[in-house]
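What follows is one chain in structure tokens, specifically the form predicted alone.
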């Protein structure tokens, strides 16, 4: 049994807990929280809820710690910190900062003799893998990624960190005209603004300045500054009624050509349609926790990404089962 610890019990943490129930080679050892542990009720019986401040005391009782914090402020600090103690997996999704995050986590993991796997989910994550496959199979091809329509957890979390914001959801919406052009075999040059729009629904705290909040959202680098962004201020009631879901999805399309004179065109399309973004991401985190455990059992250390890990390490099935039933 692989002993799993969960750091943080929000949408992702609850999703990991549910995923463990579907993976009989894993078990939940503990849930760590920055809240008062006595105030937290988890779904799994007889599993302790522990203060995050006491995580180090569990160093020898957990095989992999899955970090369920946000990318804006939590994971840049949290992942290197816990990588010095545990094998860890995170879902860091700020693309522009992944190289820096990798270096920080790699250093901490190597010093500790542990394995860390960063930026796991579907983008970055499964979409990253499909971009690499398309680029390798069709050299010189054009690669396009579209997200949505759906709720971005990372972007929603970033809005909630703005002073004056009580609650928020952000929807990423693909520009359909751009997708259809690529499916038709065209290879347009597209800016971020031409590929997606962003729509935000925000509940303000009492006394908050809506203009200041809207400006903070629309000018936020790496999240909103490069997109046409619409901000709606709504009530708690409307938020609960119309914006409680967590659906998402998207496409990776690669358009390329082969043949002596590039006479044959090819379009590779990979699509995800998710009823629950956090539950799907949590399931990905758990299977990469399995891989992290196996790599560390073989004596490996340092940081890995989805691009570095063989698919066979993700599955509870034996190699013989995999090649006879799924290959």
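Basically, rigid core = biggest C-alpha set you can superpose within 1.5 Å across the two forms. Numbering follows the first chain given and starts at 1. Please read these numbers as outputs of a predicted model, since none were measured by experiment.
Here the subject shifts to the form predicted in complex with another copy of the chain, a form of this protein not shown in this document.
Among residues of the shown chain, residue 27 is not one whose heavy atoms approach another copy of the chain to within 4.5 Å in the predicted bound form. For the chain shown alone, residue 273 is a contact residue for another copy of the chain in the predicted bound form, at least one non-hydrogen atom being within 4.5 angstroms. Within this chain, residue 1 is remote from the site of another copy of the chain in the predicted bound form, having no heavy atom within 4.5 Å. Contact check for residue 291: every heavy atom lies farther than 4.5 Å from another copy of the chain in the predicted bound form.
Contact with another copy of the chain in the predicted bound form, defined as a heavy atom within 4.5 Å, is made by all three of 22, 279 and 312. Judged by heavy atoms within 4.5 Å of another copy of the chain in the predicted bound form, the contact stretch among the candidates 63 to 71, 259 to 267, 50 to 58, 27 to 35 is 259 to 267. Along 126 to 147, these residues reach a heavy atom to within 4.5 Å of another copy of the chain in the predicted bound form: 126, 128, 129, 130, 131, 132, 133, 135, 136, 137, 138, 139, 143. Taking the rigid core as fixed, one finds a CA shift for residue 100 smaller than 2 Å between this form and the one not shown.
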